[in-house]
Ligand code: HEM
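Take a look at this single chain in structure tokens; it is the form predicted alone.
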């Protein structure tokens, strides 16, 4: 006989929503201490079952028995704002779209993006020395959004690019509110208006992008997606392209901003690692770093991985049960939400040595703690829905660090700890005040 999942209902209708928004990572710890690695609670009237183990990650993310829907889970919060992105598709439909979406993320396209980003990153980073006081989070958020507009849309330094950025910011802000009802002037209404602007902006340009002459020395994701075709000659509809572009900008911009904030905080707290990375970067002889050179930066990659272990951008990965199933003897009912937590499993002492400590070498080939269980480390999810842009994200983080560490020593007071707001996407709640000490 299957066991009943233990847990708590919390407040009427709200459940534990407020506690989750306040600090979901702390809530995971509290509920684990009370109920163990399998428990339930409620969010906004919906029951959610949590599986806090690498085995739970594997069960949910690999989904070998097709028990779960990503679309139904994410639709609750994103359906009106980011409909039909890759994360909001399932089954054959998801496989078809993911396969077509692969072209903009192949190595030749990534190499072009890297070349295009070098001058913009270099100029922005140098200009940061003029800001006082310097708050890293808004500065890097501005930079990553500008880069997304250039690389994803193929536009920069224009009034239209600014309008795209403004609309996109309004759209992302709307995704983070609890009350999702448009009223005059509120965030949700501004988000829907931003969505409408972006739909018109992309939709009016699709045909021209489809017909534009192919230039192997230039690339932007919008044009690549407009031209994408399967072996059978099938391509995306206009609405598909609009939906994918808006979702891609959100996914790449917000998660990269979160990742860079965590990486730079960790480097400021552990300055010896800044020295190690500068030694690695010294192999680049000029101001522009290439795709191949970024690939050779192994230590920088380890720092990136460790920062995402400690501070994964997504605090939870949800699925919706589409059939009754069981995990380790516990009954999961059709219609229930099922969540796994990157943050929790990234700090399990059974997997990670001194899990609270910043130690990038835990990921090197000699120790390989992330290989102890294939699903202990999941900052980019796993299975069929593993993030398609993870390579692009790593390249962009490495590239920003290359330029940043050429000019500055990153510093914070000895007793400073970054106050972290993990939901809905991780970020420093104080905007991360960093001191940038110019290198001689």
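Owing to the predicted nature of the structure, the values given are computational and were not obtained by experimental measurement. Positions refer to the first chain, counted from 1.
Beyond what is shown, the protein has a form predicted in complex with protoporphyrin IX containing FE; the following relates to that form.
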* Asked: Using a 4.5 Å heavy atom cut-off, which stretch among 126-134, 324-332, 83-91, 171-179 contacts protoporphyrin IX containing FE in the predicted bound form?
  -> 83-91
* To do: For the three residues 145, 262 and 310, verify that every one has a non-hydrogen atom within 4.5 Å of protoporphyrin IX containing FE in the predicted bound form; reply yes or no.
  => no
* Please pick, from 31, 393, 38, 400, the one residue with any non-hydrogen atom lying within 4.5 angstroms of protoporphyrin IX containing FE in the predicted bound form. => 393
* Since exactly one of 358, 197, 247, 96 fits, which has a heavy atom within 4.5 Å of protoporphyrin IX containing FE in the predicted bound form? -> 247
* Should residue 59 be classed as touching protoporphyrin IX containing FE in the predicted bound form when contacts are defined as heavy atoms within 4.5 Å? -> no
* Using a 4.5 Å heavy atom cut-off, state whether residue 141 contacts protoporphyrin IX containing FE in the predicted bound form. => no
* Taking 4.5 angstroms as the cut-off for heavy atoms, does residue 50 touch protoporphyrin IX containing FE in the predicted bound form? -> no
* Asked: Does protoporphyrin IX containing FE get within 4.5 angstroms of any non-hydrogen atom of residue 221 in the predicted bound form?
  -> yes
* in the predicted bound form, residues of 313-346 near protoporphyrin IX containing FE [heavy atom within 4.5 Å] -> 313, 314, 317, 319
